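First comes one chain, alone, set out as structure tokens in the form predicted alone.
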């Protein structure tokens, strides 16, 4: 009687010489550190790109409403978490080029963050109002924290960022509050509330050391600061009344703190309803100066070495990008990438910057020293651009 296990064991060896010439080529090996994601807002799709040769690897569709989408990455850079405006949370396998998991966790979402240990992903919601936290691998719900307060039955949440210690900080737009949410391993979540921080905090961000959280105020002239290294937490005003005595311009698009520029112990912030950047000293929290700009800034993003700050603008001047020298505070270059510039993303060491022009259906790549255009990548109504190096930066 023939032992079937022996046949199975020797058959591959016997066939090996003939099969050696018919094998399919091995799949291309690729590191995740070279990858990125471009949001195609009008079609509910994203492009996975590699940055060395500036090529599109694949398009992933079926991601819902991406009109205000943002992206965070898993700690190993393998997965991208896409936060859709329709409340969709999608976990994309960048190497596999597919949706690994997708849920609709709310009615209207506005971004998210991944915890420092990579185990949790939090989503900020306009509707129903609050923050929901999920297991980063399974997208199972871990915590649901409604944004309720004495001044607002249910508030929109904005400016959600990760901070060290499996924790997140965010602002309550309607309630005028800032909350810190801690989710220790095997313990109940802990919540710290700061009330009456100002009227209508519309966005926020944290410095890359996890210490300083700032929230801009839409309802009044000023910025709120929280030093996260000092207990008990306290909210204080900085740049209070920066537009005092002057009528603000109509605001066509809210400026974004997510793309602020921190360099040489200075912070460059877009002013609300004004054609200028506000510059202040991080150590003293005092104003250092202002940069008069071409239009109302939306994003002000520092080159990784801090030498220059690149700025884009709101409608109707959103075809222009200006470059500010961080030492002299002078504008040294003006570029016109195309109509409706929405976002800028630097390569990790800053030799290139990728700029999305929604109405040109293109992402334009510039050399950051010569300011010369190096490439144009076709994309359908592109908005946000996100590279996997963000996985290792607090607040990204």
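What you see is a predicted model, and the numbers here were worked out from it, not measured in a lab. Positions refer to the first chain, counted from 1.
Although not depicted, the form predicted together with another copy of the chain is the subject of the following passage.
The chain is drawn here without another copy of the chain; in the predicted complex, the stretch among 52 to 60, 357 to 365, 332 to 340, 38 to 46 whose residues come within 4.5 Å of it by any heavy atom is 52 to 60.
Interface residue remark: residue 240 is not counted as part of the site for another copy of the chain in the predicted complex, having no heavy atom within 4.5 Å. For the chain shown alone, residue 165 is a contact residue for another copy of the chain in the predicted complex, at least one non-hydrogen atom being within 4.5 angstroms. A residue is said to contact a partner when one of its heavy atoms sits within 4.5 Å of a partner heavy atom; residue 77 meets this definition for another copy of the chain in the predicted complex. With a 4.5 Å cutoff on heavy atoms, residue 116 counts as touching another copy of the chain in the predicted complex.
Proximity to another copy of the chain in the predicted complex, defined as a heavy atom within 4.5 Å, singles out one entry of 138, 284, 196, 265, which is 265. With contact defined as any non-hydrogen atom lying within 4.5 angstroms of another copy of the chain in the predicted complex, 369 is the only contacting residue in 368 to 382.
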